[in-house]
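There is one chain below, alone, in C-alpha cells, taken in the form predicted on its own.
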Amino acid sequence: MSKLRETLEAGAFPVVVELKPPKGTGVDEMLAVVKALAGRVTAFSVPDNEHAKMRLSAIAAARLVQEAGGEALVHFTCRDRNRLALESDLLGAASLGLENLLLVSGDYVTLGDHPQAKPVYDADSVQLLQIAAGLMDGHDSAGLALTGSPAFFLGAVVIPEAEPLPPQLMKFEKKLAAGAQFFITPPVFDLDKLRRFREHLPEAPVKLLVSVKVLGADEVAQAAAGQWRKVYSLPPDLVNDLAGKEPEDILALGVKAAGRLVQQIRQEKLADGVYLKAKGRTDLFTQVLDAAGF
C-alpha cells in the first residue's frame, strides 16, 4: 500500500508537495527538493505537462522521485494521448512502482507553449478514471484481458469555487462512481468558500486534499490588473497587501499566508490533507511547513 493511501486511511494529515519537472534533462533541482523533504512530507506530486507546457515526462520524473527516496503522485492528462497511449502508459507506470495517480483532462493547448499542437482528448477525466479502474479489474478499455493487473490509488480534481456549483458537484459524483478514491482542489485562499463547498459533499468515505499555494509576483500583478482567469479567486485584501512589493517580499508574505491557511484547514478539519504549491523551491516549502507547525 502506498504511503499516501496508508496515511489518509489512518486518518492522519498528509502533506503533498508539487514538484516542477524540468524543461530538459537537468533533474538535480527537482530531486534536491525530494532529498531535502522526503522525511518531512508524505508524497511528491509530479504534473504532466502542466498548463500545456512541455516538460520532462511525468512518469520518468516520478520514477526518479522514488529512486531518490520519495513517494510519487504522478499526473495523467487526457489532452496529449489517445486511450491506447494512456492505457499503455498507465501499465508502464504500474510496472515502475507508481501507484498514486491524479487523472485530469488538462488545459487546452492554446494556453501553453506549443499552441500549434493538436489536442487529443480521446477520453475525459471521468472516462480515464473508468479506464484505470478497468485495468485494476484485469481488462483494458476494449474488454481484453491483462496478464497482471495494476494496483492504483486513483485521484481526481474537484473545484470548490466553481460557478455555478451544481454541475461541479454532478461531475464530482461521476468521478466518485468511476473509481476516484481521493480528490485534490485547485489552490484555496478563501476558507469561507471552502466551508460552503464542504456542506455539499456526500457522506461517502472520500478523501479531500486542499491545495495551498505561495503566490508569486506575476500572479499578484495579474490579479491587481484585473486579468485573473483562474478557476479559483484571490481575496482583494490579499492582492492589495501584496501588490507593488518586491518579488521576494511577495513570496515571503505568501509563505506566511500559506502557513496560516494550512493551520486553519487542519485545525477546522476542512480537509484530510494539504497539497502545497511553492514554485518547486525547497526553501519555500520548508518555510511553509515551519509556519504551519509541521
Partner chain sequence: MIIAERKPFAEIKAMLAPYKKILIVGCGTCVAVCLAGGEKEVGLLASQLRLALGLEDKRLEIGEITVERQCDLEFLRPLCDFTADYDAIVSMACGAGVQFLNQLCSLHPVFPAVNTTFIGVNNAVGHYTEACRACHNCYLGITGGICPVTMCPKGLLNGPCGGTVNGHCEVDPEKECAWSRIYHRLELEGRLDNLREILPLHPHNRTTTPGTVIHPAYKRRYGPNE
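Residue numbers count along the first chain shown, from 1. What you are looking at is a predicted structure, and each value in this text was computed from that prediction instead of being measured.
Heads up, the form predicted together with its partner chain isn't pictured, but that's what we're talking about next.
Contact annotation: residue 40 falls outside 4.5 Å of its partner chain in the model of the complex, judged by heavy atom distances. Contact check for residue 230: a heavy atom falls within 4.5 Å of its partner chain in the model of the complex. Although the partner is absent here, residue 222 is not a contact residue: none of its heavy atoms lies within 4.5 angstroms of its partner chain in the model of the complex. In the model of the complex, its partner chain sits within 4.5 Å of a heavy atom belonging to residue 110. The candidate stretches are 190-198, 67-75, 123-131, 94-102, and the one lying within 4.5 Å of its partner chain in the model of the complex by heavy atoms is 123-131.
This chain lacks the partner; the member of 164, 143, 205, 115 within 4.5 angstroms of its partner chain in the model of the complex by a non-hydrogen atom is 164. In the model of the complex, its partner chain lies within 4.5 angstroms of at least one heavy atom of each of the following residues of 151-179: 159, 163, 164, 166, 167, 168, 170, 171, 174, 177, 178, in sequence order.
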